[in-house]
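Next up is one chain by itself, shown in structure tokens, the form predicted on its own.
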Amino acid sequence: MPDSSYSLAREQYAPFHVDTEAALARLATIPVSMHCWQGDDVAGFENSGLGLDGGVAVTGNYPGKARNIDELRADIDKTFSLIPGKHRLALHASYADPAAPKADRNALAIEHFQSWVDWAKPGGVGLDFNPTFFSHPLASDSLTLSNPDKGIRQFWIEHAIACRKIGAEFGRQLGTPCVTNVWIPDGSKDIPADRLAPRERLARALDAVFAEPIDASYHLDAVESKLFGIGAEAYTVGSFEFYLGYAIKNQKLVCLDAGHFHPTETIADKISSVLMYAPGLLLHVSRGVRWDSDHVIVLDDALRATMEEIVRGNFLGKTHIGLDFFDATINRVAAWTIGMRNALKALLLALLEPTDQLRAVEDAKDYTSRLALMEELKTLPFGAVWDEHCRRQNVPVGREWLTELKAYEGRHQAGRK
């Protein structure tokens, strides 16, 4: 039986022609891909001793970081138990099972990730994948697929090809397509004399990576741009314009990372334009503070605008939603939980909008009603609808998840050194 506060909320949404039951039913079908690298500060299991490079940096030393694959999976399992709905997990290639035979990145195969598939299958968790083009001896100068050294460039081409094959096997075994996303750190700290040649090399390398077609029912390719990075402040080879052109020409998914653009840009404004020409989107939902700092996402205007645009444009069927942040200043399971729940809250807020009504008054040039309706919606009792969603999905309601998290931290994370 619905909670009384939800029943009242349902009544308050009804005059706006919003069916809260339909919104809850739709939300329950939308998976969000949670990123594994929040749980251990992007450390992975290679133990290369190089530490993070390629413009990737994690700040903070909150205790309880996952130290091995078992602890990471336990933390992921706990997080999923605190989040309503059925979701996915995004892996990086550097998270190959250390119990599998050792292999360099260009020789990785499904055997190095089979235990992840075996872990995911019972819970119906889909897997997504990312080649790891950083924190490796052959990425020490942050030049990978655009490297002028043919041998180094070939190594990274082979790595990306291997990752596509692994991703396809994820999709085949789990029955849901794996999105494999290519992001590279390549760029220049200072002003380059030649901006074209690295991009020409990158384009040729990507052509080699994607040369073998893969059944879309198993696997989808995505490419991800960036504005700048640490060590690549002046020039990034894989800019938005480069990857947008490449993705449209070759019909790949475009990955829009919320932290990879100028601070005055929002990815919400790009979605409809990109989807006029590209076959689909991958979102990396993040929060940049002054730069691409990958803060835990909060329920802010930028997040709400992104989800509103996906729902208003009827783009949910062409959009794959994933998270990408890493915060070591707070409990890492809490960071995942806050981020995932906020992504879902923003989706629910968008689903609770009377889009057809707003579009009708806009088409009639009744901008007064458009603005008035948008503002009135902000004070409707969304929280009661969210709580009902959590209740129906058998996960903690309100702040109850934090109580569970604190107990888990005391039992399982406090002793990790």
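In this text, residue numbers run from 1 along the sequence as written. Because the structure is predicted, anything quoted here is derived from the model rather than measured.
Missing here is the form predicted together with a small molecule; even so, the following discussion is about that form.
Candidate stretches 273-281, 253-261, 141-149, 76-84 - the one whose heavy atoms come within 4.5 Å of the small molecule in the predicted complex: Every other range fails; the passing one is 253-261.
Listed residue that, although the small molecule is not shown, lies within 4.5 Å of it in the predicted complex (heavy atoms), from 156, 326, 116, 243: So the residue touching the small molecule in the predicted complex, by this definition, is 326.
Going by heavy atom distances of 4.5 angstroms or less, which of 56, 43, 361, 380 would be at the interface with the small molecule in the predicted complex? It is 56.
Candidate spot 92, 183 and 292, all three touching the small molecule in the predicted complex (heavy atom, 4.5 Å): Yes, the whole trio is in contact, each within 4.5 Å by some heavy atom.
Indicate whether residue 226 is a 4.5 Å heavy atom neighbour of the small molecule in the predicted complex. Contact check for residue 226: yes, within 4.5 Å of the small molecule in the predicted complex.
Is there a heavy atom of residue 386 no more than 4.5 Å from a heavy atom of the small molecule in the predicted complex? Result no; residue 386 lies far from the small molecule in the predicted complex.
Within 4.5 Å, heavy atoms only: does residue 134 come near the small molecule in the predicted complex? Yes - in the predicted complex, heavy atoms of residue 134 and the small molecule come within 4.5 Å of each other.
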